[in-house]
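Just the one chain here, the form predicted alone, laid out as structure tokens.
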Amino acid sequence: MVRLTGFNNINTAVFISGTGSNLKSLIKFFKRRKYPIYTKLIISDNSKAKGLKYGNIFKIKKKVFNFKKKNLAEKKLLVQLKKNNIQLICLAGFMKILSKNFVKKFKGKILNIHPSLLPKYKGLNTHQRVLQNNEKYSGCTVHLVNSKLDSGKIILQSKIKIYKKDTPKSLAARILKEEHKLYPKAVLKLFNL
């Protein structure tokens, strides 16, 4: 865990590929609570990502990178992170896997939120797989990113009961509400705030 002293600001970059609902909840939580954590940069691999609009709404710098040439994209990305003095990356529905090299080179912290109770159900189609296996509970996990998919140290988890009438869509919607509460708490825990 990282201990903050005095008035150190934690500059954060949030990586998104889609609607950016976790991005929005992180921005609002830290603004409202007056923590020394700032969303300084929004990064996306998708120029049509709906979440990019939060850059305009909250006046946050945003950048889109084309991951077709992953090595090149990651090199440019590291330059941007350094330029903006980013200490924390929050992956929030970012649908690209960062290379081992990138994870190693970014000396700060990289967090990810995943819609299952890790270590169960890593990867995609989690809600469908959870229901197919007749699990009684599911939830979401915030974890540190390492070089293996959804395998880093777990910071926090939130567990919900699965109902008989649940579909992948209804389960996803209920878990997303939990994600919005869990992600900011996990960031605070990471920095002992």
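In case it trips you up, residue 1 is the first one in the sequence shown, and so on. Bear in mind that the values here come from a model prediction, so they are computed numbers and not experimental data.
The following text describes the form predicted together with glycinamide ribonucleotide, which does not appear among the structures shown.
Looking at His114, you'd find a heavy atom of it within 4.5 angstroms of glycinamide ribonucleotide in the model of the complex. Glycinamide ribonucleotide in the model of the complex is approached by Met95, whose closest heavy atom lies within 4.5 angstroms of it. For the chain shown alone, Thr12 is not a contact residue for glycinamide ribonucleotide in the model of the complex, no non-hydrogen atom being within 4.5 angstroms.
At least one heavy atom of Gly18 is located within 4.5 Å of glycinamide ribonucleotide in the model of the complex. With contact defined as any non-hydrogen atom lying within 4.5 angstroms of glycinamide ribonucleotide in the model of the complex, the contacting residues in 166-193 are Leu176, Glu179, given in sequence order.
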